[in-house]
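Okay, here we've got a single chain as structure tokens, the form predicted on its own, with questions on binding and movement later.
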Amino acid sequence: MDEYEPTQAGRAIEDFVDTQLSNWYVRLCRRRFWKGEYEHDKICAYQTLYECMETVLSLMAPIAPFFSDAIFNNLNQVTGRQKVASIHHADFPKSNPAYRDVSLEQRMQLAQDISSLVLSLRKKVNIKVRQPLGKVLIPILNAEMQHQIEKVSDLILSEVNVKQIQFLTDSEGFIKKKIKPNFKALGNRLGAKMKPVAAAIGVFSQEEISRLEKDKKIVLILDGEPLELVLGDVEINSEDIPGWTVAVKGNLTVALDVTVTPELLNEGNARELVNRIQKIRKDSGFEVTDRVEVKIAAKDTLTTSVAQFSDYICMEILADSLEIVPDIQDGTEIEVNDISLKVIVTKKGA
């Protein structure tokens, strides 16, 4: 802003609102916003969101003067926090370094990166997020990395619907890495040396690749002269292992166990059923708090899934009763993982 770069400022605001605030914080806090009484945790969630919105509006006011002023006034009329008639009469926000928690930012970035990699692997093998999986393996570069991931492990497991994170202190022998030069990064810098450097990178051992990932740099000796390579000078990928699929981002590697056991399949069916019944509730015009009674004409493996996870299903769909019946003449036909069945969802007391 000070150097009159409104485009860069606008994009920075957009990235924060889209990537961090909306698609991460708000989405992960839905239950905090909607479930339970208006107590300490819910108040914290709302106040954090309010402060973010108010600050973002102040930051974007010079770029979007009318839009920011309209939303600011809507908020301020309720809270009266700012004793001004317009956002353009309020002080511009100032950063306070004391508010930053760099360690928290780092582990939250790890959570986002790991979640993104695992979700990309699910998409690669066409396994829906509602289908639980057993395990994610993460090779760790140091004890601090493991400590940081452990602090956000519950968040990651919930986000990617996997049961367990397992850490590998030495991935050699399990995860095989492939390395090649980043010609775009190295080309201009090396010129005629590009060919011998590319050849040297191509024969890196697994130990050398691991050292480059840990130290983020490595020194080559070419014609008796040292040449430092950094992590951005190369592209590192991993080979898939039978029963697993692997993804890499920078020095972060994840391996996802894609085996769906009968137990995991049953839970996946239950989650899919919840999704379908929630849609029926919405299409029927039920209120969010309405209690319901459900009858299901289930067959095949779905009978086992419903019986095993009936408590979970009832809790999610606000059902006071969930009955498996031999047949349903009317009702709504749905499909759960390619299995067709009929259900009846009625509002309690209707």
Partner chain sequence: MSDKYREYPQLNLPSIEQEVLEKWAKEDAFHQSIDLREGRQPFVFYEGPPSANGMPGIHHVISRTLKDLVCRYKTMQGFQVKRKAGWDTHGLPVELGVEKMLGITKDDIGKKISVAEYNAICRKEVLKYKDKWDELTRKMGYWVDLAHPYITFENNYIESLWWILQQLYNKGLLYESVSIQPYSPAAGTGLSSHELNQPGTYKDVRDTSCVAMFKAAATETSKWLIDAAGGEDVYYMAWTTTPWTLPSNLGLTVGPRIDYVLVRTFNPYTHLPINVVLAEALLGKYVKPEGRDADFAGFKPEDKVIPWKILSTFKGSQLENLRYEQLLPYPANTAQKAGGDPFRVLLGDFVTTEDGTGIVHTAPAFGADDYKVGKKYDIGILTLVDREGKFVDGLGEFSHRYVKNYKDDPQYVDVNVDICVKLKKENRAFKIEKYEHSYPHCWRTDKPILYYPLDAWFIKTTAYKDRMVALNKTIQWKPKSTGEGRFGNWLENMVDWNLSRDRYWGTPLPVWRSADWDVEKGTGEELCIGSLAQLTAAYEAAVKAGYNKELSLIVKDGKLEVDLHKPIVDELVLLSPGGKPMKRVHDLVDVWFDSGAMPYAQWHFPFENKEIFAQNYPADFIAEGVDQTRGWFYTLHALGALIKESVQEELKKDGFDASDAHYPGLAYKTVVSNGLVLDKEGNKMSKRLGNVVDPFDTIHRFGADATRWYLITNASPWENLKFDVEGIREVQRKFFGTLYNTYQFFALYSNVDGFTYKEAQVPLKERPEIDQWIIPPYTR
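For the two forms, the rigid core is made up of the largest set of C-alpha atoms that agree within 1.5 Å on superposition. Residue numbers count along the first chain shown, from 1. Treat the numbers as computed from the prediction; the structure is a model and nothing was measured.
This protein has a second form, the form predicted together with the partner chain, left out of what is shown; the following refers to that one.
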query	finding
4.5 Å heavy atom contact, Leu322 and the partner chain in the predicted bound form	no
Contact of Lys151 with the partner chain in the predicted bound form (heavy atom, 4.5 Å)	yes
Distance check, Ile87 to the partner chain in the predicted bound form, heavy atom within 4.5 Å	yes
Residue contact check: Thr304 to the partner chain in the predicted bound form, 4.5 Å heavy atom	no
Joint contact, Leu168, Lys195 and Asp223 to the partner chain in the predicted bound form, by non-hydrogen atom at 4.5 Å	no
Which of 157 to 165, 106 to 114, 251 to 259, 198 to 206 lines the interface with the partner chain in the predicted bound form (heavy atom within 4.5 Å)	106 to 114
The partner chain in the predicted bound form - contacting residues of 8 to 30, heavy atom within 4.5 Å	Gly10, Arg11, Ile13, Glu14, Phe16, Val17, Asp18, Gln20, Leu21, Ser22, Trp24, Tyr25, Val26, Leu28, Cys29, Arg30
Yes/no, Asn76 Cα shift of 2 Å or more between the shown form and the other one with rigid core fixed	yes
Core-aligned CA displacement of Ala12 at least 2 Å between the shown form and the other one	yes
Rigid core superposed: Val56 CA moves 2 Å or more between the shown form and the other one	yes
